[in-house]
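Just one chain is shown here, as structure tokens, and it is the form predicted alone.
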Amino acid sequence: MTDATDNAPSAPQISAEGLFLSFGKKEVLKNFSLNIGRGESVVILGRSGCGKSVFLKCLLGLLRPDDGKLFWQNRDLLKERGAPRELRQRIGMLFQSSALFDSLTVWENVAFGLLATKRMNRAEAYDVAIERLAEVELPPETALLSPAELSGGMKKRVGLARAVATRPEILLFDEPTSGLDPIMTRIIDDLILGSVKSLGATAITVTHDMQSAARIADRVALLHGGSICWQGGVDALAAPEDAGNPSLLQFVRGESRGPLALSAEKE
């Protein structure tokens, strides 16, 4: 199998180079490097608490690495003033818990970015919200519900509608299928695929759901010990023994013994 790094674009849209980030004595990112090309769907796999979501927060500017470089279209996100804010305006994110605002209706949640950053009037924003809800297969009457009235799967779909409402060029998905049953998981995966394809967006997903990863990824990267220890084509998830990486093999097979388990025991 050809490693996906051989196929990586020469000018990546997102580039992380040697990122380090610690919380006290706990090193979360340690020499983390990853290139992501325009229009590429990359899934970052890894054990719970290994730093997958931390990388997304670095991209969003919510966390600042202690060291390393982070670029967006060759713009230095850690040094160029204004670049992080401009990038955030081009990002849509589906949070693990959906993170809907309880005090807002569904349509106001979906249209939040349109109202806050695009300065769209409420009537226009409502019409757009209805369109985005239809794209995630939710009927118009959903718009006036509160988040408390939604099921888990509906919340995920509303979160996805909000993520794509501004037609972003980059989509971030944090455990998008966590807590969902297999049927709803497949529905969310299909909606993610459809959204990425229709927008031509770059997608970064963090998850430990390998079935979802196999469906939505162009390339897969495994995070272990704070850095990417393997990356390659999605076909490696079906035949991990061919990848020649013990960590990937253990992760895909879900084995309790191996380099990933040893690392956890030492911590």
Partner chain sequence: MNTATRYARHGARFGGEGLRLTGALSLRFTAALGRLTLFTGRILSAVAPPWYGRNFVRQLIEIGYFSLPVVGMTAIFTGMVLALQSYTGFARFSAESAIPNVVVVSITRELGPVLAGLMVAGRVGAAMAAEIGTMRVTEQIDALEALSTDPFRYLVLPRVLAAVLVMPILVFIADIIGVMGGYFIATQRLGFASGSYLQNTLDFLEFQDVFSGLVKAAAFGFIIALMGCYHGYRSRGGAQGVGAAATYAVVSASILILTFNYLITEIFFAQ
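Positions refer to the first chain, counted from 1. Quick caveat: nothing in here was measured; it's all calculated off a predicted structure.
Quick note: we don't show the form predicted in complex with its partner chain, though the next part is all about it.
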For the three residues W230, D235 and F251, verify that every one has a non-hydrogen atom within 4.5 Å of its partner chain in the predicted complex; reply yes or no.
-> no
Answer with yes or no whether L62 is in contact with its partner chain in the predicted complex, where contact means some heavy atom within 4.5 Å.
-> yes
Can any non-hydrogen atom of S103 be found within 4.5 angstroms of its partner chain in the predicted complex?
-> yes
Non-hydrogen atom contact R122 with its partner chain in the predicted complex at 4.5 angstroms = yes
Does the 4.5 Å heavy atom contact test between L145 and its partner chain in the predicted complex come out positive?
-> no
In the predicted complex, which of the stretches 123-131, 136-144, 189-197, 84-92 has residues with heavy atoms within 4.5 Å of its partner chain?
-> 84-92
Considering M184, L78, L150, A99, which brings a non-hydrogen atom within 4.5 Å of its partner chain in the predicted complex?
-> A99
Of R38, H208, K57, R215, which one comes within 4.5 Å of its partner chain in the predicted complex, counting heavy atoms only?
-> K57
